[in-house]
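First comes one chain, alone, set out as structure tokens in the form predicted on its own.
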């Protein structure tokens, strides 16, 4: 049985001091991670403070990583650096990385390999733009991103991978995909994994949804059979709001 997963992506928000204040408010309200895995993804500079402040059962994720192991790559962060914090997961290929920083499918695949070979969990994001959805290209785009992003991985490697479906048109816009739309894409992703890796791998793979998720819509979305949790942006920045989402996703 797949455990639900809830990832809080803080993006470029919070200083280390604000990170500490978040956990000071969050920890007394947090009732543990039974039946769900809770992951916080702060900025790089907040990861050490989060490690010191978070409840023991809460895991940490980085928001990005280099596709290279080490070397002359000014400003980059490697998998080994993240492991030293320690970190548990890395978000890879978020739509903002693809759109704003022009990361290609091939660059994202290099990051996936670095993360998996380095022993961390990879949260691979896939999703279509508004124009691609209007052009009925959603499943074509998702298939391409999965084919390239998972290239070179074995069935065993896949055990370290979570797929996050985040339609670009719903990221931070307040517009949310309907539960039916989300389930359709999640089912397609599971079928893709079934065909490429096998039925057992497809059954065990966690597929989470991201895109203007909040307490008001999380239950309907997360209750669908192929939805295993959520990747949450703005609604995860305030402790009480995030706690409310966690309570509704059990």
Ligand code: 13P
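What you are looking at is a predicted structure, and each value in this text was computed from that prediction instead of being measured. Residue numbers count along the first chain shown, from 1.
Just so it is clear, the following notes concern the form predicted together with this ligand, a form of the same protein that is not shown.
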item: Contact check for 79, 88 and 122 against this ligand in the model of the complex, heavy atom at 4.5 Å; value: no
item: Distance check, residue 107 to this ligand in the model of the complex, heavy atom within 4.5 Å; value: no
item: is_contact(residue 213, this ligand) in the model of the complex, heavy atom dist at most 4.5 Å; value: yes
item: Touches this ligand in the model of the complex: residue 113 (any heavy atom, 4.5 Å); value: no
item: Contact test in the model of the complex: residue 16 vs this ligand, heavy atoms, 4.5 Å; value: no
item: Candidate stretches 163-171, 99-107, 68-76, 141-149 - the one whose heavy atoms come within 4.5 Å of this ligand in the model of the complex; value: 163-171
item: Interface residues of 216-235 toward this ligand, as seen in the model of the complex [heavy atoms, 4.5 Å]; value: 231, 232, 233, 234
